[in-house]
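Have a look below at one chain only, the form predicted on its own, in structure tokens format.
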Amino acid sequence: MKKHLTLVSAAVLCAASSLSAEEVRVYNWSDYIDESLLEKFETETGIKLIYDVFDSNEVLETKLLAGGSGYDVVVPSATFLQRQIAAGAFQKLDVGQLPNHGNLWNVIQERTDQYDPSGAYSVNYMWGTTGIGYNIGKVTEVLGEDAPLDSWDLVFDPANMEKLAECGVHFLDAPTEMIPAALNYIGEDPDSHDPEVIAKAEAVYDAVRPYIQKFHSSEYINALANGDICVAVGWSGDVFLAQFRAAEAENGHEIDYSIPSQGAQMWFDQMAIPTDAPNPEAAHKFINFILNAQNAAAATNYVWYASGNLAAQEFIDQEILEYPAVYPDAATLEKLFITTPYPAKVQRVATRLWTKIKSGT
């Protein structure tokens, strides 16, 4: 009996120890942080960090709306965030637990307020554009020196795409990015919620679908870096990451990124805390850690996405701050557009349309 009590006591102590080992679970985009920051967070706070990644808003949304995701901090894009807030997926932030909140950049906050008024539920992690990544040598070889590198004609003109198919083209598998891009290209409102207008994107893609090698939201990074493809419609920072990987490998592939002259989508990725987060206090600590100016700068210096943290600019590499593809000038900013979430019925229309476009049927 005495032995039994000793074993029970040991089990209780073990369980108590397990419960006291605080942890925070974060779900973020792939290739989106300097991993040394993850170790730094654990060292500074003593909190164990479980860090998982995804590569599409749709994957994240499925987990969130199903409930019980198990995550404390997630990073949806603003258009998805707005819809998820309406669905009750997030809890309001306690700014009192975020002493670094004052580091946020009001220029970006004014834009994200359209999705989350006054930032009640979220803070900006990174922002950027959806444009065109390309292999300078390969594209020039196929299309010549006058290739329209700064135009959507590069990927939406069938004559160009037929030639580019020789060296490989990837498009994002992201209907909320790709449908607006096509609508903008043909002069329609990229933020239209009219199913008849949205349907016009189909003709744009039908014309180039035979020449698109793959729809994927992360594979194009390595494919560009390795020279496996020559063009990708993708997110700005991902293309810069491909650029760095190619340079580090010294493989002879020179990658660049353009914001098309006709305009491009501006997007925002927001840190938020799910309603059923297991450890909201630790979630606030993680968000506050990222809001630290030097930590936010370290993340931007690693991924080359623009930061929504104004105080971080003091520590961001000057090359990044002066690179217009990352921090666009005023004239370019005027051409950037933002989109708002589709209502449920329209979302279903867009999803069906995108499935049809991808299948080529």
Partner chain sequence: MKLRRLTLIGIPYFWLLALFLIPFGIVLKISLSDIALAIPPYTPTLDISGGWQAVRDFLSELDFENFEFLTTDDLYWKAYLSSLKIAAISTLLALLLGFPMAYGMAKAREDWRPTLMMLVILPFWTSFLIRVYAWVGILSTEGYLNQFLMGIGIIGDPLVILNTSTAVYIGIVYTYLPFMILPIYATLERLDESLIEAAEDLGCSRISAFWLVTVPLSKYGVIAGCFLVFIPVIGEFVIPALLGGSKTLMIGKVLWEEFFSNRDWPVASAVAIILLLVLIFPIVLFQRNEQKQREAEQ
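Residue numbers count along the first chain shown, from 1. All of these numbers come straight from a predicted model, not from anything done at the bench.
The same protein has a further form, the form predicted together with its partner chain, not shown here; the description that follows concerns it.
At a distance of at most 4.5 angstroms from its partner chain in the predicted complex, none of the three residues D31, Q91 and H284 contributes a non-hydrogen atom. Partner contacts here mean any heavy atom within 4.5 Å of its partner chain in the predicted complex, and among 102-110, 213-221, 118-126, 149-157 they occur only in 213-221. Distance criterion of 4.5 Å from any heavy atom to its partner chain in the predicted complex singles out D228 from the list D189, D256, E141, D228. Shown alone here, A66 lies within 4.5 Å of its partner chain in the predicted complex, counting heavy atoms only. In the predicted complex, Q347 approaches its partner chain with a heavy atom inside 4.5 Å. For the chain shown alone, T62 is a contact residue for its partner chain in the predicted complex, at least one non-hydrogen atom being within 4.5 angstroms. Though the partner is left out of this view, R245 does not reach within 4.5 Å of its partner chain in the predicted complex, counting heavy atoms only. Of all the residues from 346-361, those having a non-hydrogen atom no more than 4.5 Å from its partner chain in the predicted complex are Q347, R348, T351, R352, T355, K358, S359, T361.
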